[in-house]
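There is one chain below, alone, in structure tokens, taken in the form predicted alone.
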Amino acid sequence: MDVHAPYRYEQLADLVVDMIDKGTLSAGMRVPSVRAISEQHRISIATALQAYRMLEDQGILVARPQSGFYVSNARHAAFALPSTSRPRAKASTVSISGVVATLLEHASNMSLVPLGCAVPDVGLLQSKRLDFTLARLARQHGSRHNVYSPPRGEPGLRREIAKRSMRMGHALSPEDVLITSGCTEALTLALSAVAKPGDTIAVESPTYFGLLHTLEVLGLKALELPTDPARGVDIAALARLLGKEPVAACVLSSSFNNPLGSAMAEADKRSLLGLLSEHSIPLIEDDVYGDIHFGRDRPKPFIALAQGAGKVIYCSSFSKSLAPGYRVGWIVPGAYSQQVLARKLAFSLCSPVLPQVAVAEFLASNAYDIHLRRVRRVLEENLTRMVRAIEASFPPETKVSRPAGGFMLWLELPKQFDSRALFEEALEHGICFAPGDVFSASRRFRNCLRLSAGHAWTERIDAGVRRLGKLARAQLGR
């Protein structure tokens, strides 16, 4: 039987795939615009768009609003994903403050290749307009802003944050929002409001070492949950653990866990909310990476999916996407509003006024959305380049995460590998990264490490990643 000739859009799609297979178009690269490709091949814009949409449905291309179509980072990955974590089903006392302090001291040393700190480079953020706004406000109204802010924070900033909440699918009022000094204070306020010393907090595994440090200082234990590098927390495992051990609260990333980059699907988030509601366990969510998404839509946080099921405390900040030095964060405490406000007053009284009014004016101008589109593009390109450097230099058994947002990569090497020993050796070569054991209360993941792609990609960064790969090969005798 004769088979009909491919339609024009199918022919174009095959041509794009062939270009990707031959390396002409690589992961993360922008493909020709719909208009350009239609003119080159003398086809209609509708036909060209149909080809691109088909490739998007197949996971070969990804679309970015007002930017175009790009080759998916997930295509032709040479290294496998890291393994799903299998921590022990028992709470651990946290003792991590010493190693965290040492890591942060090295991470702030700009003479080292900066692969260790989860803070984007100010040069990459290019927040000059925000800085000019702050300088102008200080010059024109400095005395007006050299005061204590209201306990919940500046009304103008709370209003702008509430307006942006519609983008994540959840309506807030300014009265729902309380301004904090970064997300770290927000998490500290939330934890101290729902738990007392000696209580157990369920967390992802691996999880951000700053959270573990906070648990330690508050005298809380950590129950590490099995976590998949793509799908996030294993809900069935959490259900089994909740039947065995009392848990005061659960702390999870809304999306793009640090360090894994994992992101739970909406259906799984709803299931987890239902499970926690059955056990009357509050959920504290950390959404600092939510705005740095590479897909078309921003992932919905848990608070947008709760719909009355369970108690959710939402925490976030502008530290990862706009201005780490301004330390402007916020918390939506919900049912724990009075407890959180009382602790805010006791811990820090209020947050500095000038950074709040500068960020509020920046948000009101709509400059933030323009800024975000550029930052997302640059960070995704950084991750693509970093993966290429890893695949070219690290041992072939290496496993690498493939996040759809944020700017972290999690690497898993063979069991005998020692990232702590590599860390000490890398410092001697002028390179800083985060060894895996700081991301676990039980000091697991010694064979893993986290690399940050938050700085502008340069030959120095590329050479640092490749040198790290050679050191890893040497340790394993490869």
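Don't overthink the numbering: it's just position in the shown sequence, from 1. Everything numeric in this text was worked out from a predicted model, so none of it was measured.
Missing here is the form predicted together with another copy of the chain; even so, the following discussion is about that form.
For the options S348, T84, S271, N109, the residue carrying a heavy atom within 4.5 angstroms of another copy of the chain in the predicted complex is S348. Between another copy of the chain and the residues A236, A135, M166, A267, the one pair within 4.5 Å by heavy atoms in the predicted complex involves A135. Here the marked residues S127, P324 and A342 all reach another copy of the chain in the predicted complex, each with a heavy atom within 4.5 angstroms. Contact check for S319: a non-hydrogen atom falls within 4.5 Å of another copy of the chain in the predicted complex. In the predicted complex, at least one heavy atom of E185 sits within 4.5 Å of a heavy atom of another copy of the chain. In the predicted complex, another copy of the chain lies within 4.5 Å of some heavy atom of H145. Although the partner is absent here, H213 is a contact residue: one of its heavy atoms lies within 4.5 angstroms of another copy of the chain in the predicted complex. The stretch in contact with another copy of the chain in the predicted complex, judged by heavy atoms within 4.5 Å, is 119-127, chosen from 84-92, 199-207, 382-390, 119-127.
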